[in-house]
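Here's a solo chain for you in structure tokens, the form predicted on its own.
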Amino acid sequence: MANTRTGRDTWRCKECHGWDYRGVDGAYGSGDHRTGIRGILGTRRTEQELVTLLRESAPGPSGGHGYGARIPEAELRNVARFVLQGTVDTTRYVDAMRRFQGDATRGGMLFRQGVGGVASCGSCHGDNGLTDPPMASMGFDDFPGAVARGNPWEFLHKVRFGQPGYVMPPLHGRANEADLRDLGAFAQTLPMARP
């Protein structure tokens, strides 16, 4: 690893492989998140090879992760399936300037009306994206506008798969690529913080 981060969040997949799934070749190729570790996008490993890589510890640059004692086998298999089936080429959504390549006007309509049978984003986040969602902790500041502008790849991932610990419904399999680009483009027009 090339960064000096420590603590309980450093084991998260995104800390090494990035929200854009590209590792050293993506957004985490530089800056304070830089790890020098390759991404998971487009891996050629099989599901079983990925499970073994996640489970076992092994020395070397492509050694295992050593999660077998902490994470049940079924969950390791779910992570492997995500790597093979859930990752997307984020350059189809976000450009080199960190902007979503979508229609913000249409995205605003989706934000207010909902998409894919899921209630509107505004029903939890408010029309301007500055309402604390249900179960938010004191001092919540991960507003859609802040996340979409600060880390658009994180925004895309969380819209697709939800937010752990919250009731945010995932849009994976319900929203198409254009819907996701448009929602992101709209979210980037929202305020980042309360006045």
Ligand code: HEC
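Don't overthink the numbering: it's just position in the shown sequence, from 1. In this text, all values refer to a predicted model and were calculated from it rather than measured experimentally.
There is another form of this protein, the form predicted in complex with this ligand, and it is not shown here; the text below is about that form.
Asks: Tell me whether A27, V94 and G117, taken together, all sit within 4.5 Å of this ligand in the model of the complex, counting heavy atoms only.
Replies: Checking in the model of the complex: none of A27, V94 and G117 is within 4.5 Å of this ligand.
Asks: With the cut-off set at 4.5 Å between non-hydrogen atoms, does V79 touch this ligand in the model of the complex?
Replies: Yes.
Asks: Does any part of H17 reach within 4.5 Å of this ligand in the model of the complex? Heavy atoms only, please.
Replies: Yes, contact at 4.5 Å.
Asks: Using a 4.5 angstroms cut-off on non-hydrogen atoms, would F161 count as touching this ligand in the model of the complex?
Replies: F161 lies outside the contact set for this ligand.
Asks: Decide whether P134 counts as a contact residue for this ligand in the model of the complex under a heavy atom distance cut-off of 4.5 Å.
Replies: Judged by the heavy-atom cut-off of 4.5 Å, P134 is in contact with this ligand in the model of the complex.
Asks: Check each residue of 156 to 190 against this ligand in the model of the complex and list those with a heavy atom within 4.5 Å, in sequence order.
Replies: Residues within 4.5 Å: K158, V159, Q163, Y166, V167, M168, P169, L171, L183.
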